[in-house]
Ligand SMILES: Nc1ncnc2c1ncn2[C@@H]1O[C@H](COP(=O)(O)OP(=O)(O)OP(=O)(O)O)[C@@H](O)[C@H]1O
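A single chain comes next, written as structure tokens; it is the form predicted on its own.
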């Protein structure tokens, strides 16, 4: 039976794509078939085959089953801006229900489908829906990526409250020290463990050259815990 996770973050730039790619490889190393989806991508560039997202292509490289680019990234937007702003600028109409239906269809083709949501939990993606609404429409448990930096306690608390208000289940959270600037890391992580009502799946310490393979090895325990 196929299973899925919806990966979201406390903000933009917290490492969602890198961690989603690492989880895909870690699940693959555990013997699972994997697919990925980035429903909405902004800042895409033109190619002979159409608009492409670097993040979506990273996910495609990390999954181990075949899917078309359009299946992985159904909404590709050229303007670098919030999804709703980019969609307006590019005159691109879509609904969360359409994206959810595509996710459900894709999930049938692998043991695991990992979906990287756009922006943070409360990022608007249509005129009425946010990333959390998209997660709710798809129905997968959520993994919250916490960018470990000053202000993350506030961002994490607000994100958790938003997810809970939507009735979403938090499968776990991953802390990512993505820029090496967190001075009081250990007490911050300890506080987050008290604030977030879900397991801490991993803490990724900052490294100057953290590639996907090395990250996947660090995420193997998280993948085993998720797939139990």
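Every value quoted in this text rests on a predicted model; they were computed, and no experiment measured them. Numbering follows the first chain given and starts at 1.
Beyond what is shown, the protein has a form predicted together with this ligand; the following relates to that form.
Looking at 29 to 37, 160 to 168, 65 to 73, 198 to 206, the stretch with residues near this ligand in the predicted bound form, meaning non-hydrogen atoms within 4.5 angstroms, turns out to be 198 to 206. Contact between residue 18 and this ligand in the predicted bound form is found at the 4.5 Å heavy atom cutoff. Although the partner is absent here, residue 219 lies well away from this ligand in the predicted bound form, with no heavy atom inside 4.5 Å.
Scanning 107 to 128 for heavy atoms within 4.5 Å of this ligand in the predicted bound form gives just one residue, 116.
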